[in-house]
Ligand SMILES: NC(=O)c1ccc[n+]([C@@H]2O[C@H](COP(=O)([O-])OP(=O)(O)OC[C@H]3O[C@@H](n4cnc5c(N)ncnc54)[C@H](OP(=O)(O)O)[C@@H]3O)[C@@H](O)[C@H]2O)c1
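Next up is one chain by itself, shown in structure tokens, the form predicted alone.
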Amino acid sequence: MKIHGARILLVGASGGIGAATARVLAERGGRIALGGRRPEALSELARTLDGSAFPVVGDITTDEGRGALVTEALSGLGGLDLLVNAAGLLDFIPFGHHDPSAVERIFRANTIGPMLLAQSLLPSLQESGGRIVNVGSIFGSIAFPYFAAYSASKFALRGFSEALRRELAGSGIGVTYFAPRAVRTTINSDTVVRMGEATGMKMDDPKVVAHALVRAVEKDRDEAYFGWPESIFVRINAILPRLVDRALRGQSQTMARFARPAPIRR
């Protein structure tokens, strides 16, 4: 798909992958509604994008928030060509200690919110022959210990993306599932960073990830996995999961030293 002149709603734009993606889309000539919960951060980002973007404030985990995002984005853009769901929450905690309400928040942010937002925008995307991009994770294909709720929510988002893509085949609407490995953003606590260093987990710069995401959109990719060798492990896990179980056993013991009951980061 051509980005220049495209009308884009980017949710989760106030930080991390979302903010970096906004900059790449603006460089390509996209017109962007920057969606998120933090008006100050969104306004500051919009000011740096030379008039190609404007903030739309709303929380995708609530009906009211999603409604506000849809109404303001469509009003400001006059239609929609591309929806990018990049918002998300992360946990790193033994599942037995996880607050049930936190598990629910993770699923509302990572899975249910993107699903219902896409549903609301299907008529507009149908008119334009547009595309939906759901930002998942390598953890949505390889389930990691101590990230149980996060992995499960991204597995669900991947399944939704696959099902919706098949359902919309021939409709003119495309669906892309983009899955990076760990990214250096504030979603990762200091504890997660230290754990990553101890286990050899690689973390990518959000700018690099954003360029890969936009390339996947421009090439109309159905799926794109970013990170080597993690993208190969995704294929191995799909065929030989017990082999990956054995490979992760030692790493899991190291991770256990860092995992502590703590609130999720928003």
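Throughout, we count residues from 1 along the sequence that is shown. Since the structure is predicted, the reported quantities are computational estimates derived from the model, not experimental observations.
The next section is about a form of this same protein that is not shown, the form predicted together with this ligand.
Asks: So in the predicted complex, does any heavy atom of residue 131 sit within 4.5 Å of this ligand?
Replies: No - in the predicted complex, heavy atoms of residue 131 and this ligand never come within 4.5 Å of each other.
Asks: Any of the heavy atoms of residue 181 lying within 4.5 Å of this ligand in the predicted complex?
Replies: Looking in the predicted complex, residue contacts with this ligand include residue 181, since a heavy atom lies within 4.5 Å.
Asks: Taking heavy atoms and a 4.5 Å cut-off, does residue 32 contact this ligand in the predicted complex?
Replies: Heavy-atom contact with this ligand at 4.5 Å: absent for residue 32.
Asks: Contact between residue 137 and this ligand in the predicted complex at 4.5 Å, heavy atoms?
Replies: Looking in the predicted complex, residue contacts with this ligand include residue 137, since a heavy atom lies within 4.5 Å.
Asks: Report the stretch among 149 to 157, 94 to 102, 71 to 79, 119 to 127 that approaches this ligand in the predicted complex to within 4.5 Å, counting heavy atoms only.
Replies: Only one stretch qualifies here: 149 to 157.
Asks: Decide yes or no: are 15, 86 and 186 jointly within 4.5 Å of this ligand in the predicted complex, with each residue judged by its heavy atoms?
Replies: Answer is yes for this spot.
Asks: Considering non-hydrogen atoms and a 4.5 Å limit, which listed residue (211, 28, 221, 38) is close to this ligand in the predicted complex?
Replies: Looking at the other structure, the residue within range turns out to be 38.
Asks: Which residues within 41 to 65 place at least one heavy atom within 4.5 Å of this ligand in the predicted complex?
Replies: If the 4.5 Å heavy-atom criterion is applied to this ligand in the predicted complex, 41 to 65 yields 58, 59, 60, 61.
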